[in-house]
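Next comes just one chain, in structure tokens: the form predicted alone.
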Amino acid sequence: MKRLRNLIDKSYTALAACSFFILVLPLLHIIGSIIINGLKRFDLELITSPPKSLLSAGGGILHAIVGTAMVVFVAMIISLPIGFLTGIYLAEFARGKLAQIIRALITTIAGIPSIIVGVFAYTIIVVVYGFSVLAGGFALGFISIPYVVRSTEEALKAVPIEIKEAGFSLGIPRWKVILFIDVGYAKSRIIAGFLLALARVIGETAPLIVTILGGINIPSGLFSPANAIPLVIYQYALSPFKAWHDIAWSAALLLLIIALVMNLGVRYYLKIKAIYY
């Protein structure tokens, strides 16, 4: 009987290992392909130079890097205040059916396909003001709101009740306890949630196709068309030019590095905060 149990245990262990390998293999293939092909044009010119002519082998994606920074900045300006305040409301004030309705809406928004969000931004911004950084930032900000709400709510719920009661026992008003004590205690998790929301939307492509137009010019303002790294990858990969294919691979490698650095940075930040607190 003991041998049978050991055999079953080893069988399930082998099955779990095989399942993990099958799951990871496509991811390793994608990452390996991006690294091998992306290193061909991954140089200083890629991030410091604007694009050149169609048949030229040089050029970079400076216009897309600037466009990405502007679009993501607008997205964070839109999503952080809304998501942060909504998260506080859900964690500290919302009760009963109202809280259930708000959480259901947040879950619904999180499940909306990103291209639908892009079309929504198109109908209310692009139709009026044209393709612009503002339209792209609005779309990405709308996508990131649920992630900010959830991270803020969960971070505040994790604050020990003793800390809250200590503030109340000193006669501190509730709003001050929430903003200065609860948020202060949970700020590391809240900041980590913000960064993860940023990492989530920085690689979005579908909403940008219908909101920022693309192009080769560096955006001059919020109401001017722009390009972004994910959109450059999409456009250059579909082009018939070998030079553009190389740039697309290198841009994908750059985007992969950005996302990896942000995710590892969040983990390291949380680890450091856990050590000191």
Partner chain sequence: MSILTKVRKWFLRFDPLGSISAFSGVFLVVLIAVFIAALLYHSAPVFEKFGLNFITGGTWNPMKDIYGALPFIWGTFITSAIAIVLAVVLSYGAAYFIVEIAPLKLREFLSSIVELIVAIPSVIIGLWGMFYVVPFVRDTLKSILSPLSSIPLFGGTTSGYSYMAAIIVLTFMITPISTSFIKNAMESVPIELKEAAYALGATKYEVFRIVSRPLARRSALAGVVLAYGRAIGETMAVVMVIGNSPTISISLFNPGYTLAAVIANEFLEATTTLHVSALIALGAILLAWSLIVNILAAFVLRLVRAQ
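Positions refer to the first chain, counted from 1. Keep in mind the model is a prediction, meaning the values are calculated, not measured.
The same protein has a further form, the form predicted in complex with its partner chain, not shown here; the description that follows concerns it.
Colleague: Just one of V133, M76, I190, I88 has a heavy atom within 4.5 angstroms of its partner chain in the predicted complex, so which one?
Modeller: If I apply the 4.5 Å criterion carefully, the residue I get is I88.
Colleague: What I'd like checked is whether I82, F142 and H245 together line its partner chain in the predicted complex, meaning each has a non-hydrogen atom within 4.5 Å of it.
Modeller: So, yes: the whole triplet contacts its partner chain.
Colleague: Quick one: find which of 30-38, 44-52, 65-73, 217-225 has residues within 4.5 Å of its partner chain in the predicted complex by heavy atom distance.
Modeller: Going by heavy atoms within 4.5 Å, the stretch is 30-38.
Colleague: Flag R174 as yes or no: does it have a non-hydrogen atom within 4.5 angstroms of any non-hydrogen atom of its partner chain in the predicted complex?
Modeller: Contact with its partner chain, yes.
Colleague: Using the partner position in the predicted complex, report whether A186 sits within 4.5 Å of its partner chain, counting heavy atoms only.
Modeller: Judged by the heavy-atom cut-off of 4.5 Å, A186 is well away from its partner chain in the predicted complex.
Colleague: How about S169: is it within 4.5 Å of its partner chain in the predicted complex, going by heavy atoms?
Modeller: Looking in the predicted complex, residue contacts with its partner chain do not include S169, since no heavy atom lies within 4.5 Å.
Colleague: Can you check whether V266 is within 4.5 Å of its partner chain in the predicted complex, heavy atom basis?
Modeller: Because no heavy atom of V266 falls inside 4.5 Å of its partner chain in the predicted complex, the answer is no.
Colleague: Heavy atom within 4.5 Å of its partner chain in the predicted complex: which residues of 232-251 qualify?
Modeller: In sequence order, I233, Y234, A237, L238, H245, A248, W249 come within 4.5 Å of the partner.
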